[in-house]
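Encoded as structure tokens, the following chain is the form predicted on its own, with no partner shown.
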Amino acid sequence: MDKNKIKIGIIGFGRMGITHYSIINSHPNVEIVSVADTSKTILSILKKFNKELNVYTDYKELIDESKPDAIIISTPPNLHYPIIKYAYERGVHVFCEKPFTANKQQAEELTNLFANSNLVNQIGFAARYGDVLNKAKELIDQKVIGDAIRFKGEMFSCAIIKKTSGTNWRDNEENGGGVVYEMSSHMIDLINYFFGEPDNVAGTVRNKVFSKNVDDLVSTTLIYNNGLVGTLYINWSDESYRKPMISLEVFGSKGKIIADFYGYKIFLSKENKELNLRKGWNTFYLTDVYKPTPFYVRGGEFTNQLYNFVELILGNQKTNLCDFAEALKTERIIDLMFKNSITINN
């Protein structure tokens, strides 16, 4: 073991755990020392191909015995709180998949704990690290479209397109399941990143379509005291989408911008000679703004975020785009949505 490398443990080895393993394993200053999962089959396969890897069925054993410098948590959300708190008590840096927790009070407690420590803490809202969306944010911050007046955020996927049994953790809201936690959290976090935390939430409507216990569609209105207003519409039961898609449209006093993972369009009332933008529509693609990543899987934003986590620990970077304090904002908005909503069964 190279003593100059950061020792990483991964807790939860489902789809995201595997994704994070492949990405973080490519970093030259990282050594993955341990993996924990409840599936003994998965652990035996891992051990077969990497005999030096320590495997556990208990996260406490992973932390206490393999003594990682940092952990990556990819478990169901209801398990995040005890794992994060245990890591804090033992001085371990934490990267945790979204959503932060399925409980606002727990999120507040963890945020306060880490705020008073030197431990790096980060939540996996990877959209903040996307090249196109960051370019769109840059243009909005520069007021290229003037003052933002209205926005529309949408996210779609085909995650749930048939009746569920209700036994999966994703079909239990208390576990962090349902479209609000699983998908809306991404869009809400992106809105927080672009415009700050909304001051109020109104008109939240939730629909059950295929899921037995949780919502499959949700819409809501986000309101700011400065006059900015936006609507969100999230649907994880749309079979017309092969994979998740985020779209953000912002209308301003001088034009508007529409952006997703793959490109952006900007409409201007007047020409902007400084940025070489003509009056009317200007169209750009991911290839126009893409910054190469050292390792690409499922999108460069995933690599950008995990590499940022490592570089923060090493002290090579100072900017953490999504620490616990930022993620707590999303928890507060979700809490307001749940408290002021109606549910429709289809």
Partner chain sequence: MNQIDKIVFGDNQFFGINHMSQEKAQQLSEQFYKIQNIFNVYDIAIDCGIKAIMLNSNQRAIDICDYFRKNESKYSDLNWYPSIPYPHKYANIISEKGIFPAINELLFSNNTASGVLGMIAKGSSAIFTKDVIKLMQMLIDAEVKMFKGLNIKVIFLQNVVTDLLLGFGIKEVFEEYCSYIENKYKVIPGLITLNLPYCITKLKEWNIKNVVICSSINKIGFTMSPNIASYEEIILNNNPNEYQIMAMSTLASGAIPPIEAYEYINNQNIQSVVFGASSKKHIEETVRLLKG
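What you are looking at is a predicted structure, and each value in this text was computed from that prediction instead of being measured. Numbering follows the first chain given and starts at 1.
In what follows, reference is made to the form predicted together with the partner chain, a form of this protein that is not presented.
Proximity to the partner chain in the predicted bound form, taken as heavy atoms within 4.5 Å, picks out 234-242 from the listed stretches 116-124, 94-102, 68-76, 234-242. Highlighted residues S26, L46 and C158: every one comes within 4.5 Å of the partner chain in the predicted bound form, counting any heavy atom. The contact with the partner chain in the predicted bound form, taken as any heavy atom within 4.5 Å, belongs to I42 out of L321, L314, L277, I42. Looking at T164, you'd find a heavy atom of it within 4.5 angstroms of the partner chain in the predicted bound form. Contact check for F295: a heavy atom falls within 4.5 Å of the partner chain in the predicted bound form. Y285 belongs to the set of residues with a heavy atom inside 4.5 Å of the partner chain in the predicted bound form. The closest non-hydrogen atom of Y290 lies within 4.5 Å of the partner chain in the predicted bound form.
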